[in-house]
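Here's a solo chain for you in structure tokens, the form predicted alone.
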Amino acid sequence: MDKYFELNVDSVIDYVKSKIDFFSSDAEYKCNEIGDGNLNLVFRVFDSKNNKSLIVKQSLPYVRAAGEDWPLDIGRGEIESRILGIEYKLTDGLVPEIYIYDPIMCCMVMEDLSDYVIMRYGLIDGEIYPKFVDQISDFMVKTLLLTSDVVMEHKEKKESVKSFINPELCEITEDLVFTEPFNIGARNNIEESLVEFHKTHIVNDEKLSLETAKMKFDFMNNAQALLHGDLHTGSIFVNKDSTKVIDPEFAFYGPMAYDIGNVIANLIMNYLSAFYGMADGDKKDDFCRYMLSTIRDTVDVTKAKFLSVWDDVVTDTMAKKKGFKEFYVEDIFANTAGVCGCEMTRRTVGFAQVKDLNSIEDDSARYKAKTTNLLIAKELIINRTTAVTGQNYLDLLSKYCK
């Protein structure tokens, strides 16, 4: 296979057999296409006789949701495979293991996570994951702090910045997260009932526009650490014991707050989905309490781990000066709140939305969830320097969730 072509459930089996010595000679092959994202083909190839399986992920030269009218560089998978290798080492396996990357077919062959579920769907079903906070905070602290200038040798870090320049995927973020949801745009996806609310409370708010512009240009110019770049609950696989982060094809060097804010935003939206969409009763009460504690603890535990590991890993002399680590970490979490608000806004009125909110069946409840989400998002963006603890987020949820 010396020329790129799009795989399908039939050709991918021959592809795997030709590329990797993984299955037994007596394997009985089956294959499913399991991708539900916008950018790639994803296949699960398994041997039903010997109970072995792997995943093949192939980059497409266009956005699936838009077709060939929205082309993309298919070489982005090479960035994803490299960062997964880095993250696998930094986090002791909190990402899937990559077996091979094929630059001609733009394919990764990797560990199968079929005993996990996508976190977004598990949370929508009301599932609880007791080890998630500890594991996702470990992931963020290790992948972000350890790839920053306060730890890495500075010339090495600058070379790494060069090697992870990812302009096409960054442009998608710049447009879909920081620009179009705050304007009247053709690619926005707004329910009719929200059109006037969006115009009045988002587009016409000049203070919000100014603060969002500041967030956008920080994203574009602050090469602070090696980011996952799309760290939401649809990019996290979980079970009761383990967490695995997937899909870092948006990886580049940017502000740490972007990854942390994405996680928190998607937890908040799931809480709103449960608060407004679940039937009243003990299950709803228990799950909402769990989500509130998860939101709070994700903020506070991540912050505490940044501070606790700082002295052991930081190498820069000036970064060791008294008071600097507190300044540095506080700045991350102030910007985290702003990113959180931008992500919440774009997932409500932008191009790529989330099932958490859209799956609320009752029209009035869905409207209430989405408008509440937008109001909280506004406050997080505008007043981000005052939302730096987990309790700050819970206070906002208490204020607006009625």
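Bear in mind the structure is a predicted one, so any value in this text is a computation, not a measurement. Start at 1 and count along the sequence shown; that's the residue number.
Quick note: we don't show the form predicted together with another copy of the chain, though the next part is all about it.
- Listed residues 305, 131, 158, 82 were compared with another copy of the chain in the model of the complex; 158 is the one with a heavy atom within 4.5 Å.
- Contact annotation: of the candidates 220, 86, 313, 176, the single residue with a non-hydrogen atom within 4.5 angstroms of another copy of the chain in the model of the complex is 220.
- Within 4.5 Å of some heavy atom of another copy of the chain in the model of the complex lies at least one heavy atom of residue 167.
- At the 4.5 Å threshold, heavy atoms of residue 150 reach another copy of the chain in the model of the complex.
- Looking at residue 206, you'd find a heavy atom of it within 4.5 angstroms of another copy of the chain in the model of the complex.
- Taking non-hydrogen atoms only, residue 182 approaches another copy of the chain to within 4.5 angstroms in the model of the complex.
- In short, of 272 to 280, 206 to 214, 186 to 194, 134 to 142 it is 206 to 214 that has heavy atoms within 4.5 Å of another copy of the chain in the model of the complex.
- Residues 318, 319, 321, 322, 323, 324, 327, 328 are the members of 318 to 343 with a non-hydrogen atom no more than 4.5 angstroms from another copy of the chain in the model of the complex.
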